[in-house]
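The form predicted on its own is given below as one chain in structure tokens.
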Amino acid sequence: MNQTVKIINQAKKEGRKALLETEAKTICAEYGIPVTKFNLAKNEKEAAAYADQIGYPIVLKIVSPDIIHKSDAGGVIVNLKTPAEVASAYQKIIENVKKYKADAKIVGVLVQEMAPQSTEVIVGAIKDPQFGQTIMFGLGGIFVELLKDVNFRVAPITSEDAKEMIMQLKAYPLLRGYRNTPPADIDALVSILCNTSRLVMDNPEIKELDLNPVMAYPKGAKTVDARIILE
């Protein structure tokens, strides 16, 4: 996993514990964890060109080691539908971030496809002092804090473990399809859980990993936000 090792080593060299979202998503993709299409733009012209390649609607997000909570800094703009909207949103984000933290180091702006809404789940990993790497699965988005419906397993996990983690959720009926909610592709979620387990077992320097939300579709799934913290 060359890119993963390269990214982690570079962050260590720069004394950074939190990986940039572009780095976290590159690592996820390398481990077969599906992520939204994305590219890093350094100016508004690049942003508009990448948006055309990716396809609309588009989300823009600030990429900066100094900005952890992007929304608080006005660093996220969603549902952009034209190159002109993307270019103007790029400038707006840079302005907002400079106002929020004048000395923030700005790497660029993440240009990302806007994943269609669906059932949101969370996949995570936490390095426990006693048990080592543990994998977490639960309902994502606002439900994480509201329902606290999550399951944990000590890594490495098998696909059977992953299936159990999903089926033992109180909200499992929602993932099977409930009223107007379409069923989620359970096999795709099992695959994400197993690949996450492999990722943290291969890279013990990872202290926390957070994929939230992961959009669970009737066919496939997509990671919208990815966060990786090193020891």
Ligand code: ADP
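In this text the structure is predicted, and so the values were computed from the model without any measurement. Numbers follow the displayed sequence, beginning with 1.
Unshown form predicted together with adenosine-5'-diphosphate; subsequent notes refer to it.
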| query | finding |
| --- | --- |
| Option from 166-174, 44-52, 188-196, 64-72 whose residues, in the predicted complex, bring a heavy atom within 4.5 Å of adenosine-5'-diphosphate | 64-72 |
| 4.5 Å heavy atom contact, residue 113 to adenosine-5'-diphosphate in the predicted complex | yes |
| Contact of residue 8 with adenosine-5'-diphosphate in the predicted complex (heavy atom, 4.5 Å) | no |
| adenosine-5'-diphosphate contact at residue 76 in the predicted complex, heavy atom, 4.5 Å | yes |
| Any non-hydrogen atom of residue 149 within 4.5 angstroms of adenosine-5'-diphosphate in the predicted complex | no |
| Those residues of 175-213 which, in the predicted complex, come within 4.5 Å of adenosine-5'-diphosphate by heavy atom | 212, 213 |
